[in-house]
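Only one chain is included here, represented as structure tokens and corresponding to the form predicted on its own.
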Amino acid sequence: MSDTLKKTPLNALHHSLGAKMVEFAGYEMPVQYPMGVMGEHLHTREKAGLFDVSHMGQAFLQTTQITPGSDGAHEAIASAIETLVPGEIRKLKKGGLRYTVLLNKEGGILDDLMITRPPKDGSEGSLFLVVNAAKKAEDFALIESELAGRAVLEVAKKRALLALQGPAAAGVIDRLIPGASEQTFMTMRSFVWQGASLIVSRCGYTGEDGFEISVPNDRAEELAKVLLADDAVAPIGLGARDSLRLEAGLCLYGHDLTPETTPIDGNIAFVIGKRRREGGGFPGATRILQQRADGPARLRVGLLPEGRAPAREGAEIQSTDGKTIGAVTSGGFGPTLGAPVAMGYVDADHAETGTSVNLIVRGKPLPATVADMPFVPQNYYRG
């Protein structure tokens, strides 16, 4: 393992737990623990898994156009960030989260991210951002450049990020932080745990109920150990994180979403808020709204291969008469289903659920069916 790789505040803990470490987005990260990917995946679906996602980029964005905390401050910061994303940020209530995407001028996706309006009184004019690890330097540079004179970005370099996911997560976190489980999906609250300031969001990327906990770097290992001491919780690596999000039909940036992909192509048109659909005002709006009206030339779809052999990223997708119609962007074995699953892009003419296609695996056609996503039910807590 290269000595130049960055390390999260939980690096020593991963090693002590017997993790197999790999390079990911410039960091040394755990891909699996002794339980193995299959066991970790099923444990998260049945109980609760703890993920180290401290490599993600966390930052606070604050308006400079109006006094923070005053009337109109939220509208000022929301209007600023809305010049870069198609999400409806102005309507976010205190403590509300929004999943959205950064766009280039052609409407292509530069990254997907979470934007939160802090819940505290007096925090008007601020937003909390979480972006992907591999893109955080580019994302933050873009935001600073494009919003210069309107907002200032403060990267939260001294904060780690943990994800607690699974049906037992709410009970676990409530035993540790009473009241944390009262919040609903896509909301955030602030807590103090043994003197440490926590930002707790009810969200995640597994399809299960769960929480993401932003914690000061110097308290991250302590918090992780307390969570792992609960019998319901096991440490989970990148391998199971990938299979969990794939079963949940969730995109991985750089694979299922790229700068060549619009939100319409990517089948995530829900990121475009109603007001934004009507008024535009975001990068690539003309192209994206035209696609929304006319339909895209290609579309991201779910795929269920027959048999047991998985189709991996890059596998060619053909129509039953042998015509190339697309490619797989994510694929593997779904432990919950006990069968392979995949997603990829196909010509719009072949995107209807139930369409028969062939996936070219090791040079041979593997029959598959276009399927609805998610492949397993999503279990978010909506109250």
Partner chain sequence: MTVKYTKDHEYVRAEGDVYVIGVSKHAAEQLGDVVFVELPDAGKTFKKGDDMAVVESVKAASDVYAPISGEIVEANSAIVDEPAKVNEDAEGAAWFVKIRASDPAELDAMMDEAAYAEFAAES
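Numbering follows the first chain given and starts at 1. Remember, predicted model here, so these are calculated numbers, not experimental data.
Below, we turn to the form predicted in complex with the partner chain, even though it does not appear here.
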Partner-facing stretch of 344-352, 51-59, 314-322, 38-46, counted where any non-hydrogen atom is within 4.5 angstroms of the partner chain in the predicted bound form: 38-46
Partner-free chain; cross-checking the partner chain in the predicted bound form, the single residue of P167, P118, P310, G302 with a heavy atom within 4.5 Å is P310
Can you pick out, from S243, S201, T100, T262, the residue that has a heavy atom within 4.5 Å of the partner chain in the predicted bound form? S243
If you check in the predicted bound form, is Q32 within 4.5 Å of the partner chain, heavy atoms only? yes
Is K20 a contact residue for the partner chain in the predicted bound form, using a 4.5 Å heavy atom cut-off? yes
F333, heavy atom within 4.5 angstroms of the partner chain in the predicted bound form: yes
Note that the partner chain is not shown here; using its position in the predicted bound form, name the residues of 341-375 with a heavy atom within 4.5 Å of it, in sequence order. R362, K364
